[in-house]
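To begin, one chain is listed below as structure tokens, in the form predicted on its own.
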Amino acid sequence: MSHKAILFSAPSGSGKTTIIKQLMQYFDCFEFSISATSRQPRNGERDGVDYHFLTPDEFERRVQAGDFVEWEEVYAGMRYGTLKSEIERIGEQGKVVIFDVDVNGGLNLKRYFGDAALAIFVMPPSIEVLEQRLRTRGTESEESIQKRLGRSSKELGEADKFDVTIVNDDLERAVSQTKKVVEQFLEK
């Protein structure tokens, strides 16, 4: 597979999406891989833009059909995955595919792409900061926050399986470090 891919993984709330948005302004060769999910759209989310929203049945049908590069059930009844058709769509445009995925998804994609992928782990400065960021979002219930934090501490233990770890304690610095690493990878 000749297409290059850049994978961003991080615990929820570590700021990876913000870093990706800034990178997208620097690199015009990037195209975002839109994940599929079986969860309901949140306020303002649009199908085919934020996610490919599938019903749980539809998601299962496509899993059975082999349409996914990787997928997982993140929480009970809530699945996320990467459709092969997304990677093909981006490859046909001659673009570099960018993924914003959770840690398991990142490791699965790294296996799929091998050396054609740069896997970046975005590390929050601390679990406390992570908790603060999740609370500031105001979109999560207390139970959901606790669930995410439990998951996050487990995910932080996976950082060494990624090619690069970027600590996001200062956004500007994190973006410029990421930019440098990505430039080196694209020049290879």
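Quick note: we count residues from 1 along the sequence shown, nothing fancier. Note that the structure is predicted; figures quoted are calculated from it, not measured.
Not pictured, yet referred to below: the form predicted together with a small molecule.
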With a cut-off of 4.5 Å between heavy atoms, is residue 52 one of the residues that contacts the small molecule in the predicted complex? no
Under a 4.5 Å heavy atom criterion, is residue 148 part of the interface with the small molecule in the predicted complex? yes
is_contact(residue 61, the small molecule) in the predicted complex, heavy atom dist at most 4.5 Å: no
Heavy atom of residue 80 within 4.5 Å of the small molecule in the predicted complex: yes
In the predicted complex, does each of 10, 42 and 75 have a heavy atom within 4.5 Å of the small molecule? yes
